[in-house]
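Before any questions on binding or motion, here is one chain by itself as structure tokens, the form predicted on its own.
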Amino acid sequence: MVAALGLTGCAKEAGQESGGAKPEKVDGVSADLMADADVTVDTSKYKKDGPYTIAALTQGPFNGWGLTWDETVKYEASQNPDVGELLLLPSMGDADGQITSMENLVTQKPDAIMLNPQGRAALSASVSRAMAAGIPVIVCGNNVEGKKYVTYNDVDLYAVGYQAAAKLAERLGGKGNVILMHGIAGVDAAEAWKQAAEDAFAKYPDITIVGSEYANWSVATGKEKATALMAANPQIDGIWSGGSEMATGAMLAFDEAGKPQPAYGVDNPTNGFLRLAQEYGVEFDAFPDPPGTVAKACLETTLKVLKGEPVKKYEAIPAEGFNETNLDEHYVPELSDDFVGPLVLPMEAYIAAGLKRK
């Protein structure tokens, strides 16, 4: 059974970051996560009989990543007899809403909490309180400060952001004007990708960052920001986008302005980004942050925890990049622009979820 518990909220313009050391980055990867991947967590104290009640606090379906994540976890939970009830709580990008939900869940005491945190600093205390109450917290895409959770399942966000920027720099021959576009301020993916891009481009002194904007993982906001940046900077050679929704908006802006498309480096390529890249003949390098893969793996990890099976402190999700030369292997023409690959569920499940191309 899946219970959808909607929360009113909106994407924040400003994050809720606090002090504390940043995770260590070495040679384009997160060294602290690589160390955590070697740490085995004893989960025997969480072992109990199922079926289980699991709460999933998610980003929410305000873009393709969130929609694909939610639909995947709902389907996987419905197919697994170990899941008695899935409490789905989409936050619509609102960290404050997630804090309220976490406080309520400490009282309700589900068997486990799957958390896709919308504030890397903001959710830290809530995670600690849930864990202190004996509720295991499994973090699923986007990290939180303090690492008080049981385990974290995700790609190395910093690494894929760094690679997207480095590939773009190489494509530009190490010189030119680029703009950077970021997601929701304060969310781990947005901040990790931002840091990664800045670190990568810093190695290329002849590349000039002429604009750096938060655009909330929104196609519309990405188009608006790109239009303004084009007006202020007649020459834009490349666009790096930490989340391809904003790059999709930028492609629309350049097309509308009648200007040649720049080269792109993106994370989390959506189906819509790939469709337009194909249509416009865009050169790009893309590195996935696959919501379906993360959601499915995170549910599987949660069930391991509740069965008392050992897990790693960081369960790494593989992410292999691609470009325009093998776009056809990743674009799914049957599904809408909102879908984010790869395919994890049967095609009929995506269609039933409303993701069929119209």
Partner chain sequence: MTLSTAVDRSAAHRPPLAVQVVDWLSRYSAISTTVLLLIVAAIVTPTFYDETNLRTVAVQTSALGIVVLGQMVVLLVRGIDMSVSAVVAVTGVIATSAAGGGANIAISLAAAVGLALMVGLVNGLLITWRKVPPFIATFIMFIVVSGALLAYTKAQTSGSAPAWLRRVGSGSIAGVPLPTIIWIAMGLLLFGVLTRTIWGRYVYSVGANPEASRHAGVPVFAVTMSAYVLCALCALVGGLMYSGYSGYIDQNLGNNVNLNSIAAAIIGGVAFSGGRGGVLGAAVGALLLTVLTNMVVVAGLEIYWQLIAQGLVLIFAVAINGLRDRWIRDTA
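Between two forms, the rigid core is defined as the largest C-alpha subset superposing within 1.5 Å. Residue numbers count along the first chain shown, from 1. In this text the structure is predicted, and so the values were computed from the model without any measurement.
One more form of this protein exists, namely the form predicted together with the partner chain; it is left out here, but the text below deals with it.
The three residues Ser30, Asn153 and Trp193 each lack any heavy atom within 4.5 Å of the partner chain in the model of the complex. In the model of the complex, the partner chain sits within 4.5 Å of a heavy atom belonging to Thr248. Of the heavy atoms in Glu170, none are within 4.5 Å of the partner chain in the model of the complex.
For the chain shown alone, Ala232 is a contact residue for the partner chain in the model of the complex, at least one non-hydrogen atom being within 4.5 angstroms.
In the model of the complex, the partner chain lies farther than 4.5 Å from every heavy atom of Pro290. With the partner chain omitted here, the record of contacts in the model of the complex names 55-63 of 304-312, 55-63, 323-331, 38-46, defined by a heavy atom within 4.5 Å. Residue in contact with the partner chain in the model of the complex (any heavy atom within 4.5 Å), chosen from Thr208, Thr227, Asn80, Gln278: Thr227. A heavy atom within 4.5 Å of the partner chain in the model of the complex is found for one listed residue only; from Ala200, Met92, Ala263, Ala159, this is Met92. In the model of the complex, the partner chain lies within 4.5 angstroms of at least one heavy atom of each of the following residues of 242-275: Thr248, Leu252, Glu256, Ala257, Gly272, Arg275, in sequence order. Annotation for Arg120: C-alpha shift under 2 angstroms between this form and the one not shown, rigid core superposed.
For Asp267, a C-alpha deviation below 2 angstroms is recorded between this form and the one not shown after rigid-core alignment. If you fit the rigid core between this form and the one not shown, you'll see the Cα of Asn216 move by 2 angstroms or more.
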